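Take a look at this single chain in structure tokens; it is the form predicted on its own.
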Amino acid sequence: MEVSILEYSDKYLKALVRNVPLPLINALRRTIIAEVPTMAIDEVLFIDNTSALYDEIIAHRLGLIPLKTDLDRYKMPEEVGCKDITQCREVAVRLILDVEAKDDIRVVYSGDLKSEDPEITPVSDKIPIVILSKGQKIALEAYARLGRGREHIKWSPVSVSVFKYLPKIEVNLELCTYCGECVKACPRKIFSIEGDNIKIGNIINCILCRACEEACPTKAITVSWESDSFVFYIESTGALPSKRIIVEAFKILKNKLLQLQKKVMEATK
């Protein structure tokens, strides 16, 4: 396997992966979406709610607010046998929301949530929760815990986790007339004509739409892909850095494969 990082920050990661089978790269993608744990609000205790929204709607909105996650200090409820997360400090974090619109209409944002753990806070302070009219109030206790995307998408650490085959573009120079139709047709501006020469730019930008093939009057262009090379891309919700997401996904995938190996060995004794 060969890996080249094309773009990287805490919010996203784009890599070129070569010499890897399709099932493995897809297993990594699915593990990232469904298995890497993050914090999300799971239980909400309403003390007062005179807003226009039902308790259930507000609780659902709270659950979908991405929270910064510390995987080193918190554990999954099943790991410690916790049945009531409100009583398990190693499992859950309490967040308080207490807002009243006293003088005018007020928008309640994620930044109004006050966490007992300064490390577990909303990724953004500007996510709207509810609009309060003058005199309305909302007060509640919310409890966030670790969970996985396979339980509910609110626990998924990514907003995007995708891959595509590495494109392969071939131009038959004997047939090419340098008419420039491929340049006009390509939505990603891969091609350019310079005199009696056709140039192909950054092939990774190709989306395999084959518009160039259809536009070429002499059928000089062939678009295909490499069967064992992929462009892999993830975008973090902000709950975890993109690098940590990849590392945790590989750990989980490795453990699953080791468990499968163990089961197969036991079954074939």
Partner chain sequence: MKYRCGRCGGIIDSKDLEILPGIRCSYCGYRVLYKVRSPTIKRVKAI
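Numbering follows the first chain given and starts at 1. Note that the structure is predicted; figures quoted are calculated from it, not measured.
Although not depicted, the form predicted together with the partner chain is the subject of the following passage.
Colleague: Each of Val93, Glu116 and Glu119 having a non-hydrogen atom within 4.5 Å of the partner chain in the predicted complex: is that the case here?
Modeller: No, the candidate spot makes no contact with the partner chain.
Colleague: Looking at heavy atoms inside 4.5 Å, which stretch does the partner chain contact in the predicted complex, given the options 35 to 43, 204 to 212, 240 to 248, 22 to 30?
Modeller: Of the stretches listed, the one contacting the partner is 35 to 43.
Colleague: Heavy atom within 4.5 Å of the partner chain in the predicted complex: which of Lys75, Arg89, Arg188, His152?
Modeller: Contact check passes for His152.
Colleague: Considering Asp48, Glu235, Glu226, Asp70, which brings a non-hydrogen atom within 4.5 Å of the partner chain in the predicted complex?
Modeller: Exactly one listed residue reaches within 4.5 Å, namely Asp48.
Colleague: Ala59 near the partner chain in the predicted complex, any heavy atom under 4.5 Å?
Modeller: Ala59: contacts the partner chain in the predicted complex.
Colleague: Check Pro66 for me: does it contact the partner chain in the predicted complex (non-hydrogen atoms, 4.5 angstroms)?
Modeller: Taking the distances in the predicted complex, the answer for Pro66 is no, it never comes within 4.5 Å of the partner chain.
Colleague: Within a 4.5 Å heavy atom cut-off, is Asp84 in contact with the partner chain in the predicted complex?
Modeller: Yes, contact at 4.5 Å.
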